[in-house]
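Shown here is one chain on its own, the form predicted on its own, set out as structure tokens.
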């Protein structure tokens, strides 16, 4: 009995070197995550309880959060930006991701010629600088630059200040962002559809299944986990969006804050300073970042759990 126990102990101890080797492989990634992700996040939460700049920061408890939700100007700007961000996200879900699924289904059609060329064309805008594409679209949408061209080809009705009207500015900016990023969900959905067994598709074809029924009852249910991941990435990226609005409408979300989203609001409050007194409030900016982080976590964590169950 003693020999058996000793062999068990020796057998268990032989696993320790393997465990240590795995830890050595993981250690660089853990260190990078702690230094560049975990520590800044925790320090941002700590900063949200202080006010002032540099060495003159003073602990004020929850005053920044109270100010964020009760100050007439700041609270109004925050909730306006928050609502615009949800609209921004909804347009991406309805336009960008729906187009991504449609493009992916078309590209997986084995009878289609030049599939690789179309994949490149769809993905190409993703490789371009957001600031450059934003500025170019700003020129293309300006009646000053394209008005005469549109009039000459009979499309003068489209020559309007789309970015200068409060009713259309946010929608136009969102569509420009969808145009640039539609290649990402397209490639993810395309890879997921490629992973479906060909025998299953061929069996459905032999049964006379229509293209719509094939997608509705076979393809879409099998790629639902990927749809969930794409929804999470879209949600997180849209709530972190900044550069497309900055390049097309400026940091104030013109016109009259009609395109102001959480990213531009945070930039003005915590980094650049609110107009007309351009004095940044790092503590208030950290409070905005903390609130948004909690909102993101409240959405992402349940969605991830649900995706794991469905997977």
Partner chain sequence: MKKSSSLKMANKHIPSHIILGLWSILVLFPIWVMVVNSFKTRFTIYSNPFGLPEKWNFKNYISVFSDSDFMRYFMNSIVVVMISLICVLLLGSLVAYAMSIWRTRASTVLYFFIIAGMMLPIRIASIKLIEIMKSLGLLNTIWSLVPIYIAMGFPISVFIMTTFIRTVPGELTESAFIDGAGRFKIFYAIIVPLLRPAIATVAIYNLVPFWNDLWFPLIMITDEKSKTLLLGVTRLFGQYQTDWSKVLAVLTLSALPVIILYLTMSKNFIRGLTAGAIKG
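Positions refer to the first chain, counted from 1. Take the two forms, superpose them, and find the largest set of C-alpha atoms that agree within 1.5 Å; that set is the rigid core. All values reported here derive from a predicted model rather than from experimental measurement.
A second form of this protein, the form predicted in complex with its partner chain, is not displayed here; the remarks below concern that form.
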item: One residue of 158, 94, 203, 149 in contact with its partner chain, assessed in the model of the complex (non-hydrogen atom, 4.5 angstroms); value: 149
item: Selected contact from 82, 89, 215, 179, since only one has a non-hydrogen atom within 4.5 angstroms of its partner chain in the model of the complex; value: 179
item: 4.5 Å heavy atom contact, residue 137 and its partner chain in the model of the complex; value: yes
item: Residue 49: touches its partner chain in the model of the complex, heavy atom cutoff 4.5 angstroms; value: no
item: Partner contact for residue 112 in the model of the complex: its partner chain, 4.5 angstroms, heavy atom; value: yes
item: 4.5 angstroms heavy atom contact with its partner chain in the model of the complex for residue 169; value: no
item: Residues within 4.5 Å of its partner chain in the model of the complex, restricted to 195-224 and counted by heavy atom; value: none
item: Core-aligned CA displacement of residue 66 at least 2 Å between the shown form and the other one; value: no
item: C-alpha of residue 28 moved at least 2 Å between the shown form and the other one on rigid core; value: yes
